[in-house]
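Take a look at this single chain, the form predicted alone, given in structure tokens.
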């Protein structure tokens, strides 16, 4: 199985990295591809440039085996639609089960995503939830995709919806940018080499 974890990563932080490491181990992934978007259809433009966000992500995962930085959305430019990303991955990896990982906040908006139902034509979706959280109300389409059997994600290449509890650190890129803009320390929220990069290029300053 190959995992896909998309995001703006502006900047990448330990909240992203901890969940990435956990799901790689929990699902026995061959690799987990972290895919920074060029422009999110649902968010304002990022503050760091696409190239800077990519470089910070590469620094953050450089020593972690099995975590891979995939730049296809940056290379494609324009608005980043996950259905197009999954279609390109499926064309390259026809024999692998693909698993798209997303947080519960992103999943709450999934029906506003471009061609969202087609996501399941290419991959499974795993929603990463907080401990003791309840499954949200689901549409009939999503109910038909839902499984409580994790092994089905390996035996089938796509089409399933699964909820997985993970450790979720209460860290946000928005808060990190705000701290940096105010001149406060952002240590212990993201890797030191990423902090060094932010300082070197004077990112997120007011």
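Positions refer to the first chain, counted from 1. Predicted, not measured: the structure shown is a model, and the values here were computed from it.
Missing here is the form predicted together with adenosine-5'-triphosphate (ATP); even so, the following discussion is about that form.
Undergrad: Under a 4.5 Å heavy atom criterion, is residue 43 part of the interface with adenosine-5'-triphosphate (ATP) in the model of the complex?
TA: The answer is yes: residue 43 has a heavy atom within 4.5 Å of adenosine-5'-triphosphate (ATP).
Undergrad: Residue-level contact is defined here as any heavy atom of the residue lying within 4.5 Å of adenosine-5'-triphosphate (ATP) in the model of the complex; does residue 177 satisfy this criterion?
TA: Yes, contact at 4.5 Å.
Undergrad: Decide whether residue 26 counts as a contact residue for adenosine-5'-triphosphate (ATP) in the model of the complex under a heavy atom distance cut-off of 4.5 Å.
TA: The answer is no: residue 26 has no heavy atom within 4.5 Å of adenosine-5'-triphosphate (ATP).
Undergrad: Even though adenosine-5'-triphosphate (ATP) is not shown here, does residue 67 get within 4.5 Å of it in the model of the complex, heavy atoms only?
TA: Looking in the model of the complex, residue contacts with adenosine-5'-triphosphate (ATP) do not include residue 67, since no heavy atom lies within 4.5 Å.
Undergrad: Residues in which of 115-123, 78-86, 100-108, 132-140 have heavy atoms within 4.5 Å of adenosine-5'-triphosphate (ATP) in the model of the complex?
TA: In short, 100-108.
Undergrad: Among the candidate residues 168, 164, 147, 52, which is the single one with a non-hydrogen atom no more than 4.5 Å from adenosine-5'-triphosphate (ATP) in the model of the complex?
TA: Filtering the options by heavy-atom distance leaves 168.
Undergrad: Taking adenosine-5'-triphosphate (ATP) in the model of the complex, which residues along 13-29 bring a heavy atom to within 4.5 Å of it?
TA: Heavy-atom contacts to adenosine-5'-triphosphate (ATP) in the model of the complex: 13, 15, 16, 19.
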